[in-house]
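To begin, one chain is listed below as structure tokens, in the form predicted on its own.
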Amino acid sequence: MAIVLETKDLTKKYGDVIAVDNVSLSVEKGGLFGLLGPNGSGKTTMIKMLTGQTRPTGGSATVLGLDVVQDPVGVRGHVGIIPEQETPPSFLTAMEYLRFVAAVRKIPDIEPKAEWWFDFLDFADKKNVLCKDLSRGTRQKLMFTQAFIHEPALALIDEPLINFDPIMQDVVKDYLAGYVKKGRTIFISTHILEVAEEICSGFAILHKGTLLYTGPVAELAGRNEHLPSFFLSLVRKDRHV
């Protein structure tokens, strides 16, 4: 199976603080991979490095065969991204923002594509509303739309279900499952373990910037283990090392 994302000894330091410490992992095409960890474990820093938003201090990473340091713009041009706290420009309407995304990504015929997403995520009544006036949930719908409207081979999502109500969470989970069945790949970071166990095919556990484990979710099921309890046992053990 082809590798679409790979890191080797990837490291990020902020002064004396090591946010990510020599992390090596690989993600195969056609899966939904979850990077799991408590708050402050380095997940968001990993996403930022993998999308060329933050330069690594050491090590290397490739995304869709592109080096994240040598070609960060190329990486962002090929993937879909939903950052943890990114919001659309406040001075544009939702529709104007998607037109802007289409211009940047050179997406043809944006109008029917946008209309499909407005209907699918149930916010067509907000398409002409300024982004600054949208609720958190609606802004999240818009950010989800901009990440997938060009149907990228790989999407990197920081906390994919944040700000969604239970009904919309179910809609999004079904969409993500169908997306990987088409041979595309999704990389998510989350601390919601139950969701990760439900939708992920593979996962890695990050704690204090250190990779504790990586493997398929099915492997845990084969041992009659559940992801939340396995995660907690590793993280609690690591806290006392």
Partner chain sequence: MFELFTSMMKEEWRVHSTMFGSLSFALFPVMIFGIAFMGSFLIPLMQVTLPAGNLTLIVHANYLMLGIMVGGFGLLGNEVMNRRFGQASLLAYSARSLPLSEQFIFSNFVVKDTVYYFFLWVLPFGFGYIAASPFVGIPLARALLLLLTLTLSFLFGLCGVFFLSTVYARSRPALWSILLILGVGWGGLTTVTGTNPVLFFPPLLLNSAFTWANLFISCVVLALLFGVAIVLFNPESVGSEKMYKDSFTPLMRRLSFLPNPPFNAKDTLDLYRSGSLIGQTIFSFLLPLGVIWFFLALLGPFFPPHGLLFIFAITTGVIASTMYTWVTMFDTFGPYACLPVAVSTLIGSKITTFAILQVLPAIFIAAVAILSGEVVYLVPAVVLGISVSFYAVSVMAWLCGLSPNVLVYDVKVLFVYLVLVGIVLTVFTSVAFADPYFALSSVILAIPTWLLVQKAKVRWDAADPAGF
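Quick caveat, the model's predicted, so the values are computed rather than measured. Residue numbers count along the first chain shown, from 1.
What comes next is about the form predicted in complex with its partner chain, which is not displayed.
Residues Ser201, His226 and Phe230 are none of them found to lie within 4.5 Å of its partner chain in the model of the complex, as judged by heavy atom distances. Contact annotation: Gly77 falls within 4.5 Å of its partner chain in the model of the complex, judged by heavy atom distances.
In the model of the complex, none of the heavy atoms of Asp170 sits within 4.5 Å of a heavy atom of its partner chain.
Taking the partner from the other structure, its partner chain in the model of the complex has a heavy atom within 4.5 Å of a heavy atom of Gln146. In the model of the complex, its partner chain lies within 4.5 Å of some heavy atom of Phe100. Checking 49 to 57, 174 to 182, 201 to 209, 23 to 31 against its partner chain in the model of the complex, the stretch whose residues place heavy atoms within 4.5 Å of it is 49 to 57.
Residues of 183 to 217 placing a heavy atom within 4.5 Å of its partner chain in the model of the complex: none.
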